[in-house]
Every structure is written in structure tokens, then in C-alpha cells.
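One chain comes next, on its own, written as C-alpha cells: the form predicted alone.
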């Protein structure tokens, strides 16, 4: 059983929480905690042996500061919807993990603004919705997407190389539930064509960043990042090829952390218990 807590910090929180669990005779297997001193916020993730958890959330709320966010035994298998454009590498990894039940979530459907990736979805018997952004307004286009997403009631929406900028109105429908993989080591090279920008700048490292989507382009809370070295022999094209491998890896890592309830969001930062 998993318990996650986020609240205002105060003396004795760990002792109080442990005492409640002891009363329920719940054995603690793993406990991670952190205090953000600048914001005075306490974060905790516990793994306890399965047992009686009736009214446990209420009992914890009674001994925690007002406004505490508590989740006892979150859904172990989240539901997700994936948005794509034309690049296959991140989607293919997600579909394979989903097929073999190692993703930690179940993919409900894939939505693409091009039909390019419909075939690979069909190979995995995955529902694919082609919703074109052409010959329609941004508002109508995004409404069709959000309507389709909401039919499947996902816990998270994954942007697996979805190359469209989402409006604030769309993002507001899924606050801190949209996960993006960006092909640069943020905050460097925000926006389009980061590998071209990296090549022109002559960087010696390139990277990828998985982050929650906010109203500011590529500025949402960062979940996971990774870098690899490059040198003068790399072209923009070979940087793209090398970058695709770390994009897949970083997104997979971020999703695992999220699906295991190891990521806490606080303002524009995250606390991640790996």
C-alpha cells in the first residue's frame, strides 16, 4: 500500500504519522520524506504492508496541518491517453511496455493530428483517433481532442512527441496531468528545432527533459532529465538520431516515477523520490 502526503511543515510530523500507522498495525516498508525549507512544505511517500486502511486518510488528516494533501493507496494502475504527431520512437516504446504490462499504466487510446502512426497502433490493437489540425480553428481542434480524451477519463495525458503548442484553456482542463518530452536539456533551447540550435551553438552536450505542461512553453515542472556528450563530428541530423534514444529513455523514466506516485509538484518544481 502506498501513502503520499504533502502539507505545511511542523515539528513532529513523522512521529505523528508513524503513530497513526502503528495504531492500524501497518508495518512501514519504506519511508521517504523531504522538507522544502524555502516554502515550508513537507513531502512524504510511504510504502506499508497491506492491511486495514479503513478511515486511515481521515485519521491522518486529523493530525496533519490544515490543507494537507493525502492519498492512501492511490490507483496502482493509472489510465493514460497518448497524443502524437509523426515521430514514432516514444510511442513505440510506450505501446510495447503497455502490451507487456510493464508500463505501470494502461493506455486507453492514441490521438494523432496526422494519421502517420495509425498503423503501428493497429498492430497493437490500440484505438487511434486521427484529429487533424488542418482546415479548422485551434479552438475547434482542441475541443475535439479534449472531448475524445474525456471519453476515456485518463489520469494523465502523455505528449509523445506531439508537436503542437497547447492553449492555456486546454492545459487548464488537465492541470499537472499533461506530461511532455522535450528534445533538449531545459532550460536550454526552448521551443522548436532545439537540435538545430544546439548544432549551430556548438554544444558539447545534448539532452532531453520530461516535464509537466504549464501555460509557459517548455517551462513546466521538470520530472526527469538526461544528457549525452556530442562533439564537432556530429551534424544536426546525427544529433537528432542520438537524441531520440535519450528522449525515449527519459520519458520512460518520468512515467515510471509518476505511475509509482513518486513525484510531488510544488509551484514550478518537483520533489521526486526515486
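Numbering follows the first chain given and starts at 1. These figures come from a predicted structure and were not determined experimentally.
Same protein, other form: the form predicted in complex with a further copy of the same chain, not shown, and the subject of what follows.
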Report whether the minimum heavy atom distance between residue 8 and a further copy of the same chain in the predicted bound form is within 4.5 Å. no
My question is simply whether residue 58 lines the interface with a further copy of the same chain in the predicted bound form - judged by any non-hydrogen atom within 4.5 Å. no
Is residue 99 near a further copy of the same chain? Define near as a heavy atom within 4.5 Å, in the predicted bound form. yes
Residue 203: heavy atom within 4.5 Å of a further copy of the same chain in the predicted bound form? yes
Heavy atom within 4.5 Å of a further copy of the same chain in the predicted bound form - residue from 176, 188, 72, 111: 188
Given a 4.5 Å cut-off on heavy atoms, tell me which of 150 to 158, 164 to 172, 137 to 145, 112 to 120 is the interface stretch with a further copy of the same chain in the predicted bound form. 112 to 120
Going through 2 to 21, which residues have a heavy atom within 4.5 Å of a further copy of the same chain in the predicted bound form? Please give them in sequence order. 9, 10, 11, 12, 14, 15, 18, 19
